[in-house]
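In the form predicted on its own, a lone chain appears below as structure tokens.
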């Protein structure tokens, strides 16, 4: 979209939009390899659209094996010198990168809203703040990259070290691209690895902008960013013989394929693969907290596009009507609109593919006998939103727990509410799912809270809150939700370093 047309399309948000479009145009068609922001080897591109109005904002390179090879070689060549830098110094460089990104935070947040459709006020700014916090967390942990000494016999020194792995491949999705960039490159780089990051095709620009900033601090080749489709760029990146670690966030179907790609070379892999998470309300819950907790937990202000979204809401029959009425009242008050408008709380879905997926499940629910749409169910009525991929926050009851609507990850603003009376039966239903990422219980009963925590099949469990995963909180799931943990000191040690055991025998004195 020409910048001259931005004011017509965006009204009050025109200055921010104009700046974001200008940034998008400058980054269009580029990758960052060996410290250089420039054209790729490929001549093919794909379009990046603004989900709020479907305007083309940029073209992104459709990288294939040649660009993957170039990026991996750059990271491999940079690795020995980077790994030799003391860990605390590597941490200081990553901290400096966080400072530089923070200085450009508002402009980057606007670009993030432009390409993802996420609202600036409720999502893009908080994501930027979280990403900066994540980088600073790992930057400060450089001094903790240490092994241990092991008691042994006289004249024997037995110790372990924690060493980097080499080139790390990061593959990230579109729903929180900057936060996930930070969560992967922060620990990887501080631990002494170099990285090639493949962005999501729907949202490559903001990550590329952050990499452009990082090149002013990091040596060339330490952090490289390419774009492209999964089979054409992600697969050759994961399979590359010089890549010694893969960290992936996305769907479980693709994650399973990634695991297969790396199996032949016995490459370690971290997978975060989504969820279909229970949000459970007991009869004794503090409803003043639990009702907004349903809205927050479902991530409605991110259009439900979150792995931890509490999309199965189990509510005790004793408080069912009060909870449903309170949630519906809050959902109907949410303001959908231009993501760059300060008043907007809910933006647009990322792509037509995702919008159609959401519609498919909603229509399936509509065809389910006994189903009731308590609110939402499709596009909003506002004619000003018809150009974009806006979907009203949707709450449905009367859907059985074994329905695909309750069993499969929709990744949209659609939640099902399920009444219950027996705790054990409810817990069995909550666990009757292929995923096991997140779960929350609202109660004043400590005994029930402990029963829940001990028996729920999920890797990220909360009681009386439904917050998003935070820096330094170990995060990861069970079953189809993935392998390994992220966001914490332990994840850096476990997933971005390898342990070496060293035993030195003094031998015969003299």
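Residue numbers count along the first chain shown, from 1. Since this is a predicted model, take the numbers as computed values, not measurements.
Not pictured, yet referred to below: the form predicted together with adenosine-5'-diphosphate.
Taking any heavy atom pair closer than or equal to 4.5 Å as contact, tell me whether residue 199 reaches adenosine-5'-diphosphate in the predicted bound form. Looking in the predicted bound form, residue contacts with adenosine-5'-diphosphate include residue 199, since a heavy atom lies within 4.5 Å.
Report yes if any heavy atom of residue 251 sits within 4.5 Å of a heavy atom of adenosine-5'-diphosphate in the predicted bound form; otherwise report no. Result yes; residue 251 sits at the interface with adenosine-5'-diphosphate in the predicted bound form.
Partner proximity in the predicted bound form: residue 257 to adenosine-5'-diphosphate, non-hydrogen atom cutoff 4.5 Å: Yes - in the predicted bound form, heavy atoms of residue 257 and adenosine-5'-diphosphate come within 4.5 Å of each other.
State yes or no: in the predicted bound form, is some non-hydrogen atom of residue 231 no more than 4.5 angstroms from a non-hydrogen atom of adenosine-5'-diphosphate? Yes.
Which of these stretches, 398-406, 258-266, 85-93, 332-340, has heavy atoms within 4.5 Å of adenosine-5'-diphosphate in the predicted bound form? This holds for exactly one stretch, 258-266.
Though adenosine-5'-diphosphate is not shown, can you say which of 192, 293, 173, 436 has a heavy atom within 4.5 Å of it in the predicted bound form? Checked against the cut-off, the match is 173.
Taking adenosine-5'-diphosphate in the predicted bound form as the reference, which of 235, 244, 379, 76 has a non-hydrogen atom within 4.5 Å? Only one option qualifies, and that one is 235.
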